[in-house]
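One chain is shown next in structure tokens, namely the form predicted on its own.
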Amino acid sequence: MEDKVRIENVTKEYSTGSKVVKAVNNISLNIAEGEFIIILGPSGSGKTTLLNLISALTPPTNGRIFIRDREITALSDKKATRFRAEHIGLVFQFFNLLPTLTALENVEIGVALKIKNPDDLRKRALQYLKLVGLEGMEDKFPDQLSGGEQQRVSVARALAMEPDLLIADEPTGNLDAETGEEIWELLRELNERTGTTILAVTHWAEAATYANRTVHLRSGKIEKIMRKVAK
């Protein structure tokens, strides 16, 4: 199976006074096309830093990262921003929906750089809102939706880009346990139905039951990699 993401000997250092901290310490990892990977670890393990590196939000101190054989660590800031907008779908802990826009409009605005025709844009947004289970709720504003429904809009917005990689940063961190489980199950189903490569970060150990592989981080290093366990 073709690799969608290749991480080669990546290190990210930060200076705090006279001390140098390796938030990510010489990590190498390949993610295959269509995989659902979860990065798991306690606070301070380096998981969010690693996610930011893969998202081209920050460059590594050393090492290289490739997404579909394109080295994103070699891109200028301007090109990295464009690459991220065109090829990476982002889902955050806080839903980042615009409160004055409907669910439909929030999805449309996320895809507007890719699709210019208004009819095609609306069709794409409706398609993905239906896919995440929000058919019939297109005209509702964020404050008319539950937290779980708002996160589904966020997922639809990211998926509607039809990205090379969907990245989710603590996607259930702002939800109650039951709703959080529903979102993890949704991500699993979407991975299977669309074949989208998904990389998610969480501190919730039970999320491992939803992914193909779980990468455990500790102190900036990969502690172990586990394949899916039976639910």
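In this text, residue numbers run from 1 along the sequence as written. Only a predicted model underlies this, so the values are computations on that prediction, with no experimental measurement involved.
The next section is about a form of this same protein that is not shown, the form predicted in complex with a small molecule.
Shown alone, this chain has one stretch from 189-197, 172-180, 47-55, 30-38 that lies within 4.5 Å of the small molecule in the model of the complex by heavy atoms: 47-55.
This chain lacks the partner; the member of 222, 207, 23, 10 within 4.5 angstroms of the small molecule in the model of the complex by a non-hydrogen atom is 23.
Put simply, residue 68 is far from the small molecule in the model of the complex: not one heavy atom of it is within 4.5 Å. Mapping the unseen interface onto this chain, residue 64 falls outside it, with no heavy atom inside 4.5 Å of the small molecule in the model of the complex.
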